[in-house]
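Only one chain is given next, in structure tokens, and it is the form predicted alone.
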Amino acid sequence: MEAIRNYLETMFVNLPNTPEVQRAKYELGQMMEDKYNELIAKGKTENEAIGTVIAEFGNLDELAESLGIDSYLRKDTYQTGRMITMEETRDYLRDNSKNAFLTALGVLLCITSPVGTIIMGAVGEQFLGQSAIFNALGVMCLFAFIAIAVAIFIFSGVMMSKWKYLETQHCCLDFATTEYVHDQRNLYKTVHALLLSIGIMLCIFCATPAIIADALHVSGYFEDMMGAGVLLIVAVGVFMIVMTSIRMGGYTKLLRVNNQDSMGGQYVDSQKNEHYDNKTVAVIMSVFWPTVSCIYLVWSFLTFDWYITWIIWPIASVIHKLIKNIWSN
């Protein structure tokens, strides 16, 4: 019977989420269930019963008029979406994982690009008369890191360009594929939470080398090394945050192709996310948390008042909750 329910979901996945379509889906489901039970009572095997039910009720075009939804099957009244297959879904998730790693690596290289300059400058101070050479090597390292990062970004963008249709075309996932994406996302949630937590902690505690250097009153070579250490810790933390965010975003993006106005949206819990009718509020809230994170990091790095700057998070949470309660539907 589970196979019949899955088939029923696939039949209606593209149709609009209206009372008429919901009623038709319920009625057809009851007819299929009654027929299945009747065949089982007559001694048919489960596979035989499922095959007969699908053969008799599996063509929605033939049943549309009797169910009262024939107008919804006309392409001129409702746009049917491209069905994304299970194989395409697996390929997208693999490519998105690669894209997540490469993008995070590129960001890490951009953040650490000044490290070579700092280290070479510090080493050059130890070799009198050779500082110009070491400074030149440091600048070369900076440009090399940035060049490699740009190449990675370009390669990653080209690799993901074949999936642009997910944003430009009306697509949908069938019930079985949606369940697969749900399962994969749930399996990754623990890893996502761990990487996100460690990444945020590293960004928060990145000033530790500078604090230690200040407490020990070190200067010169070791002071420069501590400064480079700050950048390295930030880079690793941001690497984790970017990588896991992009990967988790891939699952969400796939689930959201089932539009909330279609029947397929009924079995996608991501459609229950907050929605704002006011376009201005929607735009603001789409960048709310990234903006808060940037403000927190900039404020913290400029002042080094880490014991105060954390207050931005509870304040931001209260503001977010107020906006959600007022404008979200």
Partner chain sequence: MTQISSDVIRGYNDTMILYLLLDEPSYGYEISKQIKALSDEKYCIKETTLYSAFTRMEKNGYITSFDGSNPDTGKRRTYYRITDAGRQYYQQKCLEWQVTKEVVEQFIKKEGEL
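Since we're looking at a predicted model, the values are computed, not measured. Positions refer to the first chain, counted from 1.
The same protein also has a form predicted in complex with its partner chain, omitted here; what follows describes it.
A.B. asks: Go through Gln30, Thr303, Ser286, Thr45 and name the one with a heavy atom inside 4.5 Å of its partner chain in the model of the complex.
C.D. replies: It is Gln30.
A.B. asks: Should Tyr296 be classed as touching its partner chain in the model of the complex when contacts are defined as heavy atoms within 4.5 Å?
C.D. replies: No, Tyr296 is distant from the partner.
A.B. asks: Check Ala55 for me: does it contact its partner chain in the model of the complex (non-hydrogen atoms, 4.5 angstroms)?
C.D. replies: Looking in the model of the complex, residue contacts with its partner chain include Ala55, since a heavy atom lies within 4.5 Å.
A.B. asks: At the 4.5 Å heavy atom threshold, is His320 in contact with its partner chain in the model of the complex?
C.D. replies: Answer no; every heavy atom of His320 is more than 4.5 Å from its partner chain in the model of the complex.
A.B. asks: Give a yes/no on whether Leu63 approaches its partner chain to within 4.5 Å in the model of the complex, heavy atoms considered.
C.D. replies: Leu63: yes, in contact with its partner chain in the model of the complex.
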